[in-house]
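Presented as structure tokens, the chain that follows is alone, the form predicted on its own.
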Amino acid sequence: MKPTRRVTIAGGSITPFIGKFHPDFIWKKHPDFGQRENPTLEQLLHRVALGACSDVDIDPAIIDRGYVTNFVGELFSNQGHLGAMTAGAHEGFLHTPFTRLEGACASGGLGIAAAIDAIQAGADLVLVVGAEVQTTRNAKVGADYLARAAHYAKERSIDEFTFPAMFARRTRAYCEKHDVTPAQLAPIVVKAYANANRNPNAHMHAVTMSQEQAANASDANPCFLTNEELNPWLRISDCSQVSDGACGVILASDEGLDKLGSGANRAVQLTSCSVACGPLGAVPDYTRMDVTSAAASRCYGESGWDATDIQIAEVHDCFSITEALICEALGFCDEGEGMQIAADGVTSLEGSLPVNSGGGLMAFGHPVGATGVKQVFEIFRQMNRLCGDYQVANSPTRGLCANMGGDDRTSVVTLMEKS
């Protein structure tokens, strides 16, 4: 949809994304174990809701509507009904309509799309907060919970780690079609970690990754799938992180910008936003992201842009192969070239089209419900030169976010522009 009433991102707030290997993540061998705990889902939601309001200096009471994006709070945190939970962050939110939205890993993008709709319908200030806590269960239990983003009855049995196996399947198909090897995905992984090392909010901020480490299976970087046919096609380094974290943004109409206490000059316009879906368990071609391609085509058609207009992008790199496939689906390169543009430096911080400047899902982290919200906030921050050590070398004024749910079964593509 191309908004007929102008919509902008006015500001926002983000927590660090934490989990295993993050120095602030509390586990049994952490020196603070037993003395403090990791933030709860409620604490994360409240922190970014209030932080976003503070960032633009508004009273929470003037928010017209709120959306909360989360995938599996009922499982990892034993908590649903998250709209009402977020309303408890401040007395000013009393009676504000908050609605929870879920679309697997695309939940955050759906929140942005819903907020745009709300502003078209007359709202002036809309708060979108996304959060997920995923570290409360062990890896195998967590993998079972996350498998709900697939067609559980049809696809759960592919491997005890369902989603890694599904994308190992894509890697195998892609490598066989284009005569490449999984080792050629290493530049995508290395870029992600290098960017995260410069990003203080990143899950893997303190973890380095070399080309040799990413390209080769080892005891420290094993192929871990039990499905013998798919095992060779995916290493741990090819995977996104199991993270806890949250992000919130304020969307505003032009009338809403007039109500801000500060920051109106930073506003970044949402030029177009498209949601597309495909049926679960029915991917037609493992070497193409057809749903993301459809969403992008709509955005380009509505805006009059094409892929050459994009100067910075946040794409859904839940696995290394996904970044390659999405870059192709978005038209950033031809089919079969998604690995090469990373190897050539095109998508680096210094390249002509920086992709996932803060580390992406593989190294910034992937608290599922927060990811799509984080993507638009990262583009906003890059366009306002707020990213410090990982600020991109170019000065982008046009950007794109591609937030995907499941095995490319729900996709939200958003175009952003700063004048």
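One-based numbering along the sequence shown. In this text, all values refer to a predicted model and were calculated from it rather than measured experimentally.
In what follows, reference is made to the form predicted in complex with a further copy of the same chain, a form of this protein that is not presented.
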Problem - Contact residue in the predicted complex, from Asp309, Glu302, Glu74, Glu335 (heavy atom within 4.5 Å of a further copy of the same chain) - result: Glu74
Fill in the blank from the handout: Checking Lys177, His81, Lys259, Arg198 against a further copy of the same chain in the predicted complex, the residue with a non-hydrogen atom inside 4.5 angstroms turns out to be His81
Handout entry: Per-stretch contact check against a further copy of the same chain in the predicted complex, the hit in 322 to 330, 182 to 190, 227 to 235, 85 to 93 (non-hydrogen atom, 4.5 angstroms)
Key = 85 to 93
Handout entry: Close approach of Arg381 to a further copy of the same chain in the predicted complex, 4.5 Å, heavy atom
Key = no
Problem - Pro164: touches a further copy of the same chain in the predicted complex, heavy atom cutoff 4.5 angstroms - result: no
Practice task
Look up in the predicted complex whether Asp290 has a non-hydrogen atom within 4.5 angstroms of a further copy of the same chain, and give yes or no.
Solution key: yes
Exercise for the section: May I ask you to state whether Gln120 is within 4.5 Å of a further copy of the same chain in the predicted complex, using heavy atom distances? Expected result: yes
Handout entry: Complete contact of Leu110, Leu280 and Arg409 with a further copy of the same chain in the predicted complex (any heavy atom, 4.5 Å)
Key = yes
Completion exercise
Those residues of 291 to 315 with a non-hydrogen atom no more than 4.5 Å from a further copy of the same chain in the predicted complex are Val291, Ala294, Arg298
